[in-house]
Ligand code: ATP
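Take a look at this single chain, the form predicted on its own, given in structure tokens.
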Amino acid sequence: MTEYTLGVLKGDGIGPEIVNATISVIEAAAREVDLNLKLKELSIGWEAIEKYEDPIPQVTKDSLEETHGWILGPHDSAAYPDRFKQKRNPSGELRHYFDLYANIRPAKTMPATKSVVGEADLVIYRENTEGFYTDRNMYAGIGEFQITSDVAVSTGVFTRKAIERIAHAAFQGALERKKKVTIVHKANVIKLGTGLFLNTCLEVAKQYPDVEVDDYHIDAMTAHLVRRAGDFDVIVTENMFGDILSDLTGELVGSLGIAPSINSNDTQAMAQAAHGSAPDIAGKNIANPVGILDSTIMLFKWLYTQHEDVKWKDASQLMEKALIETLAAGISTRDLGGQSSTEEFAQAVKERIVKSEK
């Protein structure tokens, strides 16, 4: 029986609580499908600063090299000591270090959530390594310059290689869904940079003749999503636009606090909820674990496609079904209008995993 290893980075604030809740669900699902899974806890954030004087130490990155993927809890980099402010934050560093070029962020209406756009089920493929995110678009250094005290320049980078691979990821994802891809850009103004993004995506589209393709400017797209999010399926866009759109769609279908995502390259993936560390409620056992749990479900599905081991698929389906049934039963944390604690919600999901197999 193949043994798989998942890294576990609990992070800051509510991170340990929601990750621990997720681990309890993972372990229940793995037992039910006989998935030989080893969970390896590694230091990140404040814990790593205290232990290694670095929020994302090399020892953690070296250990992640030996895993099949990992779960990343939220970090509170804004509160880190000033000496770390010029470095990439932990999630940015992991994306850069492991070249996790695809940030895949679904937005789907779920039970017990207050969608403001009715039924919607879409997924954003965000290019994750360049664009206007200057902490990760350079080989060395940071792509920003302060020319004078009154003049700053931020460099955006767009390369055919990066655009092609996120485009292929999006079109391949579309083949498993409704076979429709929407390209989001600003080629009417940022003609060379996002123009290259648009044109390269259109070139890749020719290799997927069964997929319907359209495109929108970023500003128009925000309006279309508010008005008719249910009409869209797969959206592919550059780094900054993808970050903005995925926050928007997460809130539109219910709450950014439950929005999931994975970051992947061709061999590894990282589960990461879209929300932050919420230090104001840390330690109170009231944080909502849905975002990181749903991200982990995505990770398991991704691992199934990578390793073709049906146990990953079975475990992901068990967790997803149990999560939906729990929410549909009116069990949720306070942010969704329920009364359950973090631990109680996770326990309710676990109970449905076991019952589903009886």
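Keep in mind that what you see is a predicted model, and the values were worked out from it rather than measured. So that there is no doubt, residue numbering starts at 1 and follows the sequence shown.
Another form exists, predicted in complex with this ligand; not displayed. Remarks below refer to it.
Mapping the unseen interface onto this chain, S277 counts among the residues with a heavy atom inside 4.5 Å of this ligand in the predicted bound form. Of the heavy atoms in H75, some are within 4.5 Å of this ligand in the predicted bound form. Contact annotation: A287 falls within 4.5 Å of this ligand in the predicted bound form, judged by heavy atom distances. For M138, no non-hydrogen atom is located within 4.5 Å of this ligand in the predicted bound form, even though that partner is not displayed. Residues I104, V123 and G250 are none of them found to lie within 4.5 Å of this ligand in the predicted bound form, as judged by heavy atom distances. This chain is displayed alone, yet in the predicted bound form one of M110, V189, I281, L202 has a heavy atom within 4.5 Å of this ligand; that residue is I281. Stretch-level contact analysis of 64-72, 38-46, 287-295, 24-32 against this ligand in the predicted bound form, using heavy atoms and a 4.5 Å limit, identifies 287-295. In the predicted bound form, just one residue of 331-349 lies within 4.5 Å of this ligand by at least one heavy atom: D335.
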